[in-house]
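This document opens with one chain alone, in structure tokens, the form predicted alone.
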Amino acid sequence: MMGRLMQAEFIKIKRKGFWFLAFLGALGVVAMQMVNYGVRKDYLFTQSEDRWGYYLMNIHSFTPLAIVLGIVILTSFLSSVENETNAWKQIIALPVSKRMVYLAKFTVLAIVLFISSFLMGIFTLLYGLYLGLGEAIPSADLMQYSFYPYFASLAVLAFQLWVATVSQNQAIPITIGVVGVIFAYSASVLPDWMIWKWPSLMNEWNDPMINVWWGLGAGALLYLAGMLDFTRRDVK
């Protein structure tokens, strides 16, 4: 049954162009650096002897904004499909628990975001090779900047899905999401406990892995809270 629910969710997101959004978000982050390096490549090359490292840092400066904004758009779109078509009652009428429905939605969104992060890593690598940053590709750093923000953002995903799913008016989760994007932009001045700071991988210990564990742990707790809240509510 879980497989059928996920298949149904994938059909919904295909009709709404989610895969295009995932591709566009990944490409957009790298495209900003295409413009940056296209205009002042020589200047940027003089900023650091570690050209790959400096390039990856520039890519990462836009990643938290892109991933938080992507989460807001995807969660709101996915929930609005059910609200606009009044499909919630039809879904719940099926011989499947609300918990499975909620899990299917979260899993599908997590997969879409993971694929977008993977594509961003590929685009980052390809453009880095095109720039001729050096033969020694920092594979570990490339993986870190591509996937650590994703895992650190799972708490934001769980929170936004919770709000979007239980809200009849999608203006509420969108407004909260916009505030979250502003927080992500201001990550350097936020306290470490705020979930919107975690995709930036910044913390007082200067250890990105801490943000990953926080994202996974808080994401699990927020997912459980959202799922329990969703299961106890009456579907309208």
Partner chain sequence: MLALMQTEWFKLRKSKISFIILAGPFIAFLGGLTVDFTEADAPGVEWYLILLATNLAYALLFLPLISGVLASTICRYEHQEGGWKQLLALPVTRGKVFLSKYLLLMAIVLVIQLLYLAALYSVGLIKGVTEPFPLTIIWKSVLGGWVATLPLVALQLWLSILFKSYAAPLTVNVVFTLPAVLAINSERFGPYYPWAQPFSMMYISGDPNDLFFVPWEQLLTVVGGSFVIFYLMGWVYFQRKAI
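Residue numbers count along the first chain shown, from 1. Every value quoted in this text rests on a predicted model; they were computed, and no experiment measured them.
What comes next is about the form predicted together with its partner chain, which does not appear here.
Not one of Gln47, Leu125 and Tyr148 places a heavy atom within 4.5 Å of its partner chain in the predicted bound form. Considering its partner chain in the predicted bound form, the lone stretch of 152-160, 106-114, 126-134, 70-78 in range is 70-78 [heavy atom distance within 4.5 Å]. Among the residues Met57, Val178, Leu27, Met202, the one placing a heavy atom within 4.5 Å of its partner chain in the predicted bound form is Val178. Though the partner is left out of this view, Ile210 does not reach within 4.5 Å of its partner chain in the predicted bound form, counting heavy atoms only. The shortest heavy atom separation between Asn169 and its partner chain in the predicted bound form is within 4.5 Å.
Using a 4.5 angstroms threshold between heavy atoms, Ala22 stays clear of its partner chain in the predicted bound form. For the chain shown alone, Phe62 is a contact residue for its partner chain in the predicted bound form, at least one non-hydrogen atom being within 4.5 angstroms.
Along 201-232, no residue reaches a heavy atom to within 4.5 Å of its partner chain in the predicted bound form.
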